[in-house]
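Next comes just one chain, in structure tokens: the form predicted alone.
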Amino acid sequence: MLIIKNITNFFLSLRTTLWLLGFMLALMLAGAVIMPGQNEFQSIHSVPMLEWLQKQPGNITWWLWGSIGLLSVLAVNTLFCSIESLVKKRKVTQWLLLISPQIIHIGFLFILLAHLLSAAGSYQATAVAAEGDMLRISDDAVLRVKEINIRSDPYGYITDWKVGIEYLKDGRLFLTDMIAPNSPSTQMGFNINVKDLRAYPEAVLLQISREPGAVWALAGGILFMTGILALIALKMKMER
């Protein structure tokens, strides 16, 4: 029982939060010194981070592993403190004032979850394609460039463009989409957009990426900002 009590007190302590943030700052400073001098970090964005970490030597990635561990403990610490706050202040009449900090905490946890999901399953690649070319985007799906429509002015400058694409599974068409300026294709969890194009002969440079944590990051950001704005508004109202 004493061990459980000590563990609970550790995660409920604000001092724990401050120490964790202090250690995180130290690790980030160490990373800022290590990263510029190591060529291995040039490929960190080309594969999921957790997959990249497993293939790199520990003497240059120890600070990243440490950061992941500290963030995990910080997430548990945040959850414990939020629950304790709700339990202790459940009789407060201004429930919005009570819940606002917890909304901020939930937003923070969602953002951490988003980064974890992206670190485990993100994907990014680029490929040059012409009309009719096919690109494999997953084990069971293929992307085909159906058409490339490029409009140019009399001086040869591109004024508008559209790229029609098709998604195939097992050789069968099951979905069509169109990529245009500021309008990527967001199907099957992928984000496919045109990074560059060439009018003669017509070809496009496609960027294919997948961020499984994007929705969670958006939800976390909205909750985080909502909690902060609500807390500021309530504090200002109380001070009047």
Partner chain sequence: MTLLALSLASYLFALWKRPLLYAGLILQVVYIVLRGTELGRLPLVGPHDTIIFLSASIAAFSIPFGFLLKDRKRFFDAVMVLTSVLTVFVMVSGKHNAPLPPVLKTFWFECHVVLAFMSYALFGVAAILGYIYLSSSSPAVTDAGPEGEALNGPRRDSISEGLQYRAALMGYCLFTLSMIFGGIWAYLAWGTYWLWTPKELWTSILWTFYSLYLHARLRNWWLGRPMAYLGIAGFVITMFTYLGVSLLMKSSHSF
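Residue numbers count along the first chain shown, from 1. Please read these numbers as outputs of a predicted model, since none were measured by experiment.
The discussion below concerns the form predicted together with its partner chain, not included here.
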In the model of the complex, the one of 49, 199, 188, 175 near its partner chain [non-hydrogen atom within 4.5 angstroms]:
49
Give a yes/no on whether residue 80 approaches its partner chain to within 4.5 Å in the model of the complex, heavy atoms considered.
no
Taking the shortest heavy atom distance, is residue 167 within 4.5 Å of its partner chain in the model of the complex?
no
My question is simply whether residue 35 lines the interface with its partner chain in the model of the complex - judged by any non-hydrogen atom within 4.5 Å.
yes
Would you please decide whether residue 214 lies within 4.5 angstroms of its partner chain in the model of the complex, comparing each non-hydrogen atom pair?
yes
Residues 114, 181 and 239 are flagged as a possible site; in the model of the complex, is every one of them within 4.5 Å of its partner chain by some non-hydrogen atom?
yes
Even though the chain is shown alone, can you say which residues of 11-40 have a heavy atom within 4.5 Å of its partner chain in the model of the complex?
14, 15, 17, 18, 21, 22, 24, 25, 28, 29, 31, 32, 35, 36
